[in-house]
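Form predicted on its own, single chain, as structure tokens, below.
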């Protein structure tokens, strides 16, 4: 495809890196330094200019563009860019927005055609959804549903105190409907065998039924089983904090939320009937101790700056909170947060870039999850009679595919099928598989 990406910040650059190998990518940005940096780092055409300008879009080749991705940090710029592109031709347009009001307007428009946008991604809502999924599984760093929720992929970090540390995969594999798809060790992706030893600090990617993934979560982090009685504390009534509380309420939970601004706190209290909203300085250690944050099962830091989120996360950990999840606006700080003890850092820009990249891949598959900044993918494919997987045992079929391919789960007629070496895949089955980045092109052609 000929793809035009408007905005060369963290989101746009990440999307460009993901698409550059397989597509003709043009990136437009008003910042000359960003344009130069992208020109030298990626195999893309980078143009300095205003993405809302018809002249700039024509220079980028809008007349023959298959897709326009507007990913700047400004909602209105992204909407105008998509609308301008639609006046020239009919490329598929994707807009990134932060304001949920724009998303709701687009969703309620007839055929979702508002603003000249074909697909809209809301950063604040996506980030909140990501936080809620991670909270739902102890020790999980990433969680994605597949096959209408009948299959779940989760990435866990093995702590030094975890019972799984120093066990072999064969010893750890005690779950009927769970597949150990991959280990990530020191940034490298490894497909484990039965005798592979799981080490502390490894990240383990598993695929299975939701029940088996929950059971594995309890095994990897004993004593952290989530329940409806969880004490969940959200620090900061930002849009991300608000939507996190709202989504938790929808799950039957009753979080507490701390917001310093009196007017904002009053508004949140009115809009969140099942959330206890407390008006106070969230960085006040005495207040946090008085409100028993030390007893919290999870503390979510969703303030307006990375520095404050880091501070309250460290305070919560020092007080004794079981788990901390922090919003980290600057992608380069995520590792810093996790190094100093924050359990999970969620970067809204990374979440957004992954969602847009995922959507471009879903044009060819049912569903996709990106692992470790696109080092690998978990994808769902409905196989037909021509697939290399169909009509023979899995052990025989995977021998004709790269080593970085693992069948994690199968659904047939909306029922979960445990994949074993002698399982025969049938036409119409939904296959959820782990695929390393280097194997992706070959696998996509043969499935």
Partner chain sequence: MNLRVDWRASTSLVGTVVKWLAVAMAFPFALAVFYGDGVTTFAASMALAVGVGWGLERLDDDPDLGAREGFLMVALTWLAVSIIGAAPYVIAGEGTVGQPVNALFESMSGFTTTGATVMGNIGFEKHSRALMMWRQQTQWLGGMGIVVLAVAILPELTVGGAQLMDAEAPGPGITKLTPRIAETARALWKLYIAITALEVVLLFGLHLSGVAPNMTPYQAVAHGLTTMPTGGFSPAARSIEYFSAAVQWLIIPFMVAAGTNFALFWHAFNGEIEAFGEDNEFRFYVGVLAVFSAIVAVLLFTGEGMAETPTIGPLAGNLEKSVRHAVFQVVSLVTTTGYASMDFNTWGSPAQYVLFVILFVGGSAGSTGGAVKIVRWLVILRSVKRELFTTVHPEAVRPVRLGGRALDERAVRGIYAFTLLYLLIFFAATMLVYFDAARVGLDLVALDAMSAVAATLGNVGPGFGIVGPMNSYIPFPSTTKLFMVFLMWIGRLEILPVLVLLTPAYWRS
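Residue numbers count along the first chain shown, from 1. The shown structure was predicted, so the numbers you read here are calculated from the model rather than taken from an experiment. C-alpha atoms forming the largest set that superposes within 1.5 Å between two forms make up the rigid core.
We do not show the form predicted in complex with its partner chain, though everything after this point is about it.
291 is the sole member of 144, 291, 155, 297 with a non-hydrogen atom within 4.5 Å of its partner chain in the model of the complex. A single residue from the set 272, 310, 125, 232 has any heavy atom within 4.5 angstroms of its partner chain in the model of the complex; that residue is 272. In the model of the complex, its partner chain sits beyond 4.5 Å of every heavy atom of residue 359. Interface residue remark: residue 266 is counted as part of the site for its partner chain in the model of the complex, having a heavy atom within 4.5 Å. For the chain shown alone, residue 119 is not a contact residue for its partner chain in the model of the complex, no non-hydrogen atom being within 4.5 angstroms.
Interface residue remark: residue 287 is counted as part of the site for its partner chain in the model of the complex, having a heavy atom within 4.5 Å. Per the 4.5 Å heavy atom criterion, its partner chain in the model of the complex is contacted by stretch 279 to 287, the sole one of 80 to 88, 191 to 199, 178 to 186, 279 to 287.
A displacement of 2 angstroms or greater separates the C-alpha positions of residue 415 between the shown form and the other one, with the rigid core held in common.
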